[in-house]
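To begin, one chain is listed below as structure tokens, in the form predicted on its own.
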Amino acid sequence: MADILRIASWNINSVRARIDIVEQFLAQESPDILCLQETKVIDSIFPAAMFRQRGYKHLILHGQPMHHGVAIISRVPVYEDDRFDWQANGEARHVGVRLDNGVRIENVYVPAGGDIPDRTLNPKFGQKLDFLERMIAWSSALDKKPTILTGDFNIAPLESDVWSHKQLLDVVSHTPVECEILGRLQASNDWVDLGRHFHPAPQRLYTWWSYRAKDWAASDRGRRLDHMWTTPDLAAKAVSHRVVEPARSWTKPSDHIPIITEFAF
């Protein structure tokens, strides 16, 4: 009988500020591994106690003060703590581990890229594109080890990944240049996008709604910014992928919701 491994990813937008809903999520969904982005805390004051009390003994942290930050929290052993600086500026945006079965998990927080989709007028947009180019170089050089690449990619690549393709063509996260570069990243190692593998376009599938909406559910101006990709060999091991949309209405929510994939090994 195959062992089921549940892997979740969530941009939590400050793990200390939202520790209550993280605990609610763990109680409700019981993932084996949780990849967090935007933890916004240095490692020494990461709220580890709650996780350990719930059986998550393995915490791989890569934090910094006030901004960014990623973590992999696991009930199963993890090894080989890697941290790639794809922005070449020291920001905490990646952490990677290996499982006992040889599978690698790479947890990434891609820069948002600011508001203006022009690298001359907005250096943050150029930094985002450069980050992704470095990811492509890394991905292209990967060996054949089974790998899961997950996190907040800050790009909604398909027309059906946003509430209005026409209205968002000039909005950072859905511009043609971003969609093209994410497509090249996917092609660089034949990554399988599990979100669309299990929920083919044009099905509605969002993971983010702005805080600016008075009623996020009524307006439903969502985008699919959070992703879980696998190398082709692992795609056959994935048995389900879903988003936890009710989490967007929990107390003091993140603007992102968790995504969860079940694998049968």
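These figures come from a predicted structure and were not determined experimentally. Sequential numbering from 1, following the sequence displayed.
Quick note: we don't show the form predicted in complex with the DNA, though the next part is all about it.
Contact check for R242: no non-hydrogen atom falls within 4.5 Å of the DNA in the model of the complex. Proximity of R83 to the DNA in the model of the complex falls outside the 4.5 Å heavy atom cutoff. In the model of the complex, the DNA sits beyond 4.5 Å of every heavy atom of I136. Contact annotation: R93 falls within 4.5 Å of the DNA in the model of the complex, judged by heavy atom distances.
Judged by heavy atoms within 4.5 Å of the DNA in the model of the complex, the contact stretch among the candidates 226-234, 210-218, 46-54, 193-201 is 210-218.
Residues are counted as partner-facing when one of their heavy atoms sits within 4.5 Å of the DNA in the model of the complex; in 162-189 not one qualifies.
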